[in-house]
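Heads up, the chain below is alone and in the form predicted on its own; it's given as structure tokens.
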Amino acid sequence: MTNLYLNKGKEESLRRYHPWVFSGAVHHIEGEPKEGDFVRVLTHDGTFIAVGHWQIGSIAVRVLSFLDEEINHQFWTNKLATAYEMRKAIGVANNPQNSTYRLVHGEGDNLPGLVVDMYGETAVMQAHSVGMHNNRMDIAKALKDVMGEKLQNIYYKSETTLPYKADLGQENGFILGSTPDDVATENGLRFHIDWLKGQKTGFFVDQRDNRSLVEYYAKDRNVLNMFCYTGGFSVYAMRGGARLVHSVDSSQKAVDLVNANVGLNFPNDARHKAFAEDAFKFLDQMKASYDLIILDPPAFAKHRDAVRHAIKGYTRLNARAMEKIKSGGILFTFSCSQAISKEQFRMAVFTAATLAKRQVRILHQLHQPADHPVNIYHPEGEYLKGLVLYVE
């Protein structure tokens, strides 16, 4: 395994267990490792600090262990078993009412660059680094050993998440088993999971708890679910007793999927209608007939250079919804942009309330669920931000 030496004093963040080594901290590397190779990270005087995946870019090493150990089958098995035990402890795994959860959440599970979502007997694995891509078959074997008969299929979906400059030519596909069954259960509700061509791993698992809160508030309300994608919020609102539910997405494919998911749970239910339309256009033209609105847009800022533009987008979107929502209405609003801080998002929403000239109170501050844990040494992992607002 190649040794990488840090500049003097650059080991302090690693001594606090931060899982990244930035390129500016690197003094030199012995030899010429390929991207994705394992490297041992040493201080300037040769003291061992960590072992991880070498990569090209601002993050030079993603740390796998702070022990001087071999990364082998036993290592992967131990890490995955720890992640699985935690999901069982919090009640999302081995739950007959819930077969949909995140099993591995990158740095949050001390496996930076790896995401694994469970949908029934199928795991969807996603690599965000060349190192995890190179180790995908070892990880798949360890995952099967840990989960046994509860895991029958592994779908590898990393075509769009791997560094494009690595030029790996990766195509999505099953690396264990195969299945035409794309239905999984979340809190007793059934959903089609589009792991073949859908966003993320096919479903936004991170909104499970927040969908339950929508269900709680939906009774006898007219609900508008913007950026609906698979319609998770819409289905929960219907189970919560909403008077009507309208789902909006710019993608006709998403509209077809939300209609299919509503049909799975509430066949021939006239309360639901879906629209394939631009969100801002829909909000501009709609009448003030909704008293519960959900705004869950895609990330407006995927990197820090886009933050200023994103804040303007969040402000405009929330202002328009506040202008149109009924008095006494409830607004769920979210940002999944990691580059946007909680403070920046709240300021955008505050500005929107001022522009809309509405009295607004915060009822809840929302975040990602427990199966998307934040490593206490890696606060950057807290990406999902949400507010539930009461609009007078």
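We number the residues from 1 along the sequence you see. Treat the numbers as computed from the prediction; the structure is a model and nothing was measured.
As for the form predicted together with a small molecule, it is not shown, yet the points below apply to it.
Shown here without its partner, the chain carries 211, 227 and 297, all of which come within 4.5 Å of the small molecule in the predicted bound form through at least one heavy atom. Here the chain stands alone, but in the predicted bound form its contact with the small molecule, taken as any heavy atom within 4.5 Å, falls in 276 to 284 among 276 to 284, 99 to 107, 127 to 135, 155 to 163. Interface residue remark: residue 250 is counted as part of the site for the small molecule in the predicted bound form, having a heavy atom within 4.5 Å. Contact check for residue 199: a heavy atom falls within 4.5 Å of the small molecule in the predicted bound form.
In the predicted bound form, none of the heavy atoms of residue 290 sits within 4.5 Å of a heavy atom of the small molecule.
In the predicted bound form, residue 207 approaches the small molecule with a heavy atom inside 4.5 Å.
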